[in-house]
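Encoded as structure tokens, the following chain is the form predicted alone, with no partner shown.
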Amino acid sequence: MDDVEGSDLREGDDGGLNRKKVKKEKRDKDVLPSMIKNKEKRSAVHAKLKHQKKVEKRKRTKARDAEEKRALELGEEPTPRKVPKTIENTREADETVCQPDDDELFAGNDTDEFSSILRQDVTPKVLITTCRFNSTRGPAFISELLSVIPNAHYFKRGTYDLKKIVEYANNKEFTSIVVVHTNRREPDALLIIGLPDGPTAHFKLSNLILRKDIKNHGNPTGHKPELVLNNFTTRIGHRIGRLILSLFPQDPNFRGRRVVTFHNQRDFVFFRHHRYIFETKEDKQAQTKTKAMKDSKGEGISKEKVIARLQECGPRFTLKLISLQHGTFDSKGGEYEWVHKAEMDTSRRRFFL
């Protein structure tokens, strides 16, 4: 009798402990790490929650891979994977996005300001200058721009007004002017003026990294580079893309293996300059027991594999369009095609280029 009563008490104690443990786990689950004032406890709870999420994600991935493998073995169609939502694929609808069947757009390309250069009727010739108050990093950035843009020439600004420089460049048959603006010893803006009739694009320049600061950088050659422009999809973006194209010759030297990239993402234009090379490597297959998979010497069959290698030449920087103006630069009476204003930033999913 005593043994029965003792066993009942032990079972009751275990049940009470289990109930207490469940309540404690529920209470810990409801408490957020931000609600814990002790720093060490807060860090421990946060690390525990992070580990639990990682374990659950790994379990889900394994289960999904096993289900896909089973479906392929049975010859069934695997369950389609969910596409994660990003700012890019949830972008707000824009009426100005260019369509491939837009005849009006292609007709305008044949008559715009850049058509003569892009048809290779005129060779691009670029004048690069600075603002009136230059800085230490300004000349270094300009020297690297000169190595990026073929047929570019640097002229000191001095005290000349920008309208006088535009007039001089027109007389000397330049096709574009690039003005590097500096503030507090750091280049912070870029002005690109198309000649002779414009347009003028004003960019904010940020995240500048010069060639000497890039690890394992390469030195560019004198070959004309290949151009890659990505995601300039709207009417304004299409126009900006053609303005950038007009700075470079349209007959690249592919033997030089130089490539200049302007990648637009969320209205930020990222500039990169690389050299590339193709290499062939031997990919040795595992030896099999069958005689058919062996050569006469009994060695594994080697297979050549082509890989591409990149080496960044620099510089590296980011542009953001501030305004696009009709004609050449005119700060007072200029007519603007597009101007970025603070009230336009109403949504993170609204883009203009």
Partner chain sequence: MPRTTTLECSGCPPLRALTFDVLGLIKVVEARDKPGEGCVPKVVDRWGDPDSSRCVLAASIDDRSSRPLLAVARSSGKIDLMNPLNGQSHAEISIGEDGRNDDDPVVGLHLFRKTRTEKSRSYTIFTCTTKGNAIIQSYEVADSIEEASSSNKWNVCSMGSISFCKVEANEEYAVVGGKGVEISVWNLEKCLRIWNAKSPPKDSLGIFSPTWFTCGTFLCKDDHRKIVAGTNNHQVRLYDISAQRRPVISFDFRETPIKAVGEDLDGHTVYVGNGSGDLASFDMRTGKLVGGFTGKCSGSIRSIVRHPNLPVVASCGLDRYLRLWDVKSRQLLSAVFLKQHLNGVLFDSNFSCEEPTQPAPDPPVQEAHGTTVVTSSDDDEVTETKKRKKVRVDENGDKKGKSRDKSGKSTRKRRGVPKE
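Not measured: the values here are computed from a predicted model. Residue numbers count along the first chain shown, from 1.
Same protein, other form: the form predicted in complex with its partner chain, not shown, and the subject of what follows.
When its partner chain is considered in the predicted complex, only one residue from 186, 267, 226, 102 comes within 4.5 Å through any heavy atom, namely 102. Between its partner chain and the residues 239, 211, 274, 181, the one pair within 4.5 Å by heavy atoms in the predicted complex involves 239.
Using a 4.5 Å cutoff between non-hydrogen atoms, residue 197 does not count as a contact of its partner chain in the predicted complex.
Mapping the unseen interface onto this chain, residue 92 counts among the residues with a heavy atom inside 4.5 Å of its partner chain in the predicted complex. Using a 4.5 Å cutoff between non-hydrogen atoms, residue 138 does not count as a contact of its partner chain in the predicted complex. Residue contact with its partner chain in the predicted complex: residue 108 places a heavy atom within 4.5 Å of it. Exactly one of the stretches 76-84, 92-100, 153-161, 213-221 approaches its partner chain in the predicted complex with heavy atoms within 4.5 Å, and it is 92-100.
Along 320-353, these residues reach a heavy atom to within 4.5 Å of its partner chain in the predicted complex: 326, 332, 333, 334, 335, 336, 337, 338, 339, 341, 343, 344, 346, 347, 349, 350.
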